[in-house]
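Here's a solo chain for you in structure tokens, the form predicted alone.
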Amino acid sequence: MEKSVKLGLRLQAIAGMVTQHYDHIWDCCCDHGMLGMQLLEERRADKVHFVDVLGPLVEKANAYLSENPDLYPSGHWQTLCEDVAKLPIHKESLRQGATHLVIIAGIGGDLSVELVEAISDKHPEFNIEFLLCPVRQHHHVRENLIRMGIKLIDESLMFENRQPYEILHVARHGTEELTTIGSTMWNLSDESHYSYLQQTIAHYQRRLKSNCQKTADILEQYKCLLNEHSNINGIT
């Protein structure tokens, strides 16, 4: 019997950010591959690549895909036990202008930045977009994407089990300037968004004890966002 995957809220939110069709989607650090499977079911790409450095996880995903050919037709997916920094994008770009979406989720900010930079530097001639959902270090990720000249396509803020996740859809050919604290993702009329902003401010206030000027600057950015909301809504 065909078994369609069931995604949790975080993976549903990431999948919901994929709003167009791509030639290739790369589900990186794919774990059990459920996100890529959902996108394959929805025919969001001509080919979905499932990539993880852990062989047993890749083998498990390969077995599930192979056992459900109606949902996941052969020729439209590939599993790779590979370092994500070494994605073979050049081997899959059989026509000029082929579109690629690289999804990197569920890892820390430092590694997310390293992988985006490695992939971008290795394939500067290709049309590559990134969908990122780091588990922490959101400001650090944004700061480094800006340094790389990467722009914003879309962003969102969601919560799963009270854990906040910032989801970034970005590319060098993005249409909007990326900001270090987020712009379009905030809805401070939503209690969860407002609470997350307050928690973030409290985090940087605790770190301010180190007398780091950079921490002070980051704190001021988030405070300005809170003050703008308060002024608009008459909150004192």
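Residues carry their position along the shown sequence, with the first being 1. Computed from a predicted structure; not experimentally measured.
Unshown form predicted together with a small molecule; subsequent notes refer to it.
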{"query": "Which of 25-33, 40-48, 175-183, 188-196 sits within 4.5 Å of the small molecule in the predicted complex, heavy atom basis", "finding": "25-33"}
{"query": "is_contact(residue 110, the small molecule) in the predicted complex, heavy atom dist at most 4.5 Å", "finding": "no"}
{"query": "In the predicted complex, residue 208 touching the small molecule (heavy atom, 4.5 Å)", "finding": "no"}
{"query": "Contact test in the predicted complex: residue 219 vs the small molecule, heavy atoms, 4.5 Å", "finding": "no"}
{"query": "4.5 Å heavy atom contact, residue 164 and the small molecule in the predicted complex", "finding": "no"}
{"query": "Heavy atom within 4.5 Å of the small molecule in the predicted complex - residue from 153, 146, 105, 89", "finding": "105"}
